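Shown here is one chain on its own, the form predicted alone, set out as structure tokens.
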Amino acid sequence: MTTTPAAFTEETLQIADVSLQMRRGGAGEPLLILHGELGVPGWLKAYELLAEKYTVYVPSLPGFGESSVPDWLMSVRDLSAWTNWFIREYGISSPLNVIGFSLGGWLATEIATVNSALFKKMVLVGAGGIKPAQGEIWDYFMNSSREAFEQSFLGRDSEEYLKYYGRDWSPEEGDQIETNREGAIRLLWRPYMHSVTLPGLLPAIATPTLLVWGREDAVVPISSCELYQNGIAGAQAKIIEDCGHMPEMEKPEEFAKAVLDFLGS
């Protein structure tokens, strides 16, 4: 099935032991999106901008969205094994470019430590996985879902915050948000949002890496960005000013430009 750059398709796949919700759009080299712990609210403007240059694949990870989750999948490291399996079975050619947001950034990093041939270039956005040197990762699970979305944005007047979060949710939307919360708890509860071993594995990464962080990220402090940059040889950092944990939604044009410049360099 083909799409125009601005359009996308959505389908359900039976693949890698999962009934998987997949959104896909654009044309060109493959670009895999690994979403964060709050799930995927829809086909974001950032995806649309990236799809002008790439075929953008946005799976809802197991336990999120409409995707099922197998009983054996209990950790981010399990999820990294599943992601390798999914890419192989789905037939995405590698090496491929990848963007990981928060949980997805941690996931991409785990994969890159053990499989240097899978990713061509890697973009980590507000990535979890490393305990910050200063500050703490904000606790999603001690606060409400509504508070989690509010915490993720510096300003709550951006177009996509208002579209997806800054309004009353339908019962179906509320149920989906709680499903995503359950999926995140399954993966991230202990130790909370970080790995005790990942920092020591960062020097094993050979994938060219861009770190994108909102200067005012109130979920994963910017000191985590510094630890990632110090640990991954040659990693670059792009700090987006006046922005919180979700630059792809709060400042999609600036975010997409930074990513496209890096992938095209």
Partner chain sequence: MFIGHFTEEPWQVENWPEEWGPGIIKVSNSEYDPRLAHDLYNRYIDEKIYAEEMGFDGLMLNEHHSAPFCLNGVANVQAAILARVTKKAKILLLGNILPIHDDPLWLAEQLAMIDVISNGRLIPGIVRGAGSESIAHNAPPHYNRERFEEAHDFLIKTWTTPGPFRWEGKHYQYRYVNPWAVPMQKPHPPMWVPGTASKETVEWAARHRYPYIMLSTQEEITKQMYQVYYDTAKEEGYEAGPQNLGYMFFLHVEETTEKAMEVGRTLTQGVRSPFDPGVSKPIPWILSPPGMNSKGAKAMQRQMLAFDSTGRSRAGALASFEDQVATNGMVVGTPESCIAQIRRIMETLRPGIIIFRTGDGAMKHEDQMRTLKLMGEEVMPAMRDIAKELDLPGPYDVEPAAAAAV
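The shown structure was predicted, so the numbers you read here are calculated from the model rather than taken from an experiment. Positions refer to the first chain, counted from 1.
Heads up, the form predicted together with the partner chain isn't pictured, but that's what we're talking about next.
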(Q) Is A81 part of the interface with the partner chain in the model of the complex - any heavy atom within 4.5 Å? (A) no
Q.
in the model of the complex, does N143 come within 4.5 Å of the partner chain, counting heavy atoms only?
A. yes
Q | 4.5 Å heavy atom contact, L162 to the partner chain in the model of the complex | A | no
Q) Is W189 a contact residue for the partner chain in the model of the complex, using a 4.5 Å heavy atom cut-off? A) yes
Q. Thinking of the partner chain in the model of the complex, which stretch from 91 to 99, 135 to 143, 121 to 129, 150 to 158 has heavy atoms inside 4.5 Å of it?
A. 135 to 143
Q. Quick one: which residues from 45 to 73 get a non-hydrogen atom within 4.5 Å of the partner chain in the model of the complex?
A. D71, L73
